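This document opens with one chain alone, in structure tokens, the form predicted on its own.
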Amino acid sequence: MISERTLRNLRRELRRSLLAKIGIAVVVFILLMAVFAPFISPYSPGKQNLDEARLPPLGFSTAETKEVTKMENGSVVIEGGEVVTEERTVYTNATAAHPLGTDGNGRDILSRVIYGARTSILVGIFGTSLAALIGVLVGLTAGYYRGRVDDVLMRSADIMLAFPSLVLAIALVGVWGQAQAPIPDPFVVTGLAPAFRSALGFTTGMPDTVVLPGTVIVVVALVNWVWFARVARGEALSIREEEYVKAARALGASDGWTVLRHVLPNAITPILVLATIQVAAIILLESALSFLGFSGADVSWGFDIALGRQYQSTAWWISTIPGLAIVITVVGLNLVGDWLRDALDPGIEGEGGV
């Protein structure tokens, strides 16, 4: 349960910090967008229409030189038995039906950004939770027992830090493959989203499952658990010397009971602050893996950036808009993490952040 003092600190820091308000607004907006994607997405993220490929966003137009058949008085010009062609500049204008444009396959970018938020947020939350579970367990054990146990566990953590995160993640994905876990979308399966969209005249056919890249979640957790271990160990080393911990041990409390009842609750604040920052770091790592083709998810911000590489000179928005979504989400999460750090534990330095 959150104490009244903690709530006062959070409210005071929130009133003082404009950046905290902006960060919270951004994170809430992204979360609502991800949760209610079947209701607000203009189209299914996989719906293709090659006739509308590479449409620009609203406010932009494109000009492309194409070789077309030469026409005179409504007839095809033929010389020497061959159809005569000519180069002509073709202009493509934006349309309100696709406010952020379309990709090379005619898929609506706004819809893919909305559904891509689901992949990034789910990987960020589940990956951070698993990393925290492993790291906190290792860190509390090392800090509480100290000595040889501490040396073995933390030297193992140091070995993990010796490998670049992205390289280690790619190696693990290569070993384990791209395991995916389809999760039913409750809004679509129960018929709520289709009924809502039909009532408003929107297109139907939203995906009835959310594909969760299971391997990526495990990999990002194994890459990032070290940061939680270091923070938890530092807190355990300090807390184990407190009088209430010594009193519990003197009364015959077991080590497990003492850690769960006294050490962990008093170490949770910096762990929560770090978890907020690590969600942003894991979203970046997942996007990098998707960009390189190791995620397996076909609706992901990083995957869409990779798809737009070949169109950088003619359709910049295909890569730019998903990239902006990543930047906005990561900045928002880091602003929330800074707010929590300043309000709950001003002494923490944000280790492992982005």
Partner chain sequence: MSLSRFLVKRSLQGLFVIWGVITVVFGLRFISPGDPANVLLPPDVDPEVRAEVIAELGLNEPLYVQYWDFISGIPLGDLGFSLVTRTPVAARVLAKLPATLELAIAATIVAIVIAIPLGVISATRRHQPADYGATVFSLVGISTPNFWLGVMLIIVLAVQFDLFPTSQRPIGVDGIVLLFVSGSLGEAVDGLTTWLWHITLPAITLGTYFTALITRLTRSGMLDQLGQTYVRASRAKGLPETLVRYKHALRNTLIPVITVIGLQLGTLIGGAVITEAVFAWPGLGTLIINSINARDWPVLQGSLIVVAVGFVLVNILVDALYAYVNPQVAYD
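As the structure is a prediction and not an experimental result, all values here were calculated from the model. Residue numbers count along the first chain shown, from 1.
Although not depicted, the form predicted together with its partner chain is the subject of the following passage.
Checking a candidate spot here: are V113, G191 and A297 all in contact with its partner chain in the predicted complex (at least one heavy atom each within 4.5 Å)?
No, the whole trio is out of contact, none within 4.5 Å by any heavy atom.
Please identify the residue among V77, L237, I125, L166 with any heavy atom within 4.5 Å of its partner chain in the predicted complex.
Checking each option against its partner chain in the predicted complex, the one that comes within 4.5 Å is L166.
With its partner chain left out of view, which of L200, A97, A250, L161 would have a heavy atom within 4.5 Å of it in the predicted complex?
Flagged contact: L161.
So which stretch, 47-55, 34-42, 61-69, 287-295, is the one near its partner chain in the predicted complex (non-hydrogen atoms, 4.5 Å)?
Of the options, only 287-295 has residues within 4.5 Å of the partner.
4.5 angstroms heavy atom contact with its partner chain in the predicted complex for I326:
Although its partner chain is absent here, I326 would touch it in the predicted complex, with heavy atoms inside 4.5 Å.
Do A171 and its partner chain come within 4.5 Å of each other in the predicted complex, heavy atoms counted?
Judged by the heavy-atom cut-off of 4.5 Å, A171 is in contact with its partner chain in the predicted complex.
Hey, in the predicted complex, is I305 touching its partner chain, heavy atoms inside 4.5 Å?
Contact with its partner chain, yes.
How about D338: is it within 4.5 Å of its partner chain in the predicted complex, going by heavy atoms?
Result yes; D338 sits at the interface with its partner chain in the predicted complex.
Could you run down 305-344 and flag each residue that has a heavy atom within 4.5 Å of its partner chain in the predicted complex?
Contacts from 305-344: I305, R309, Q312, S313, W316, S319, T320, G323, L324, I326, V327, V330, V331, N334, L335, D338, R341.
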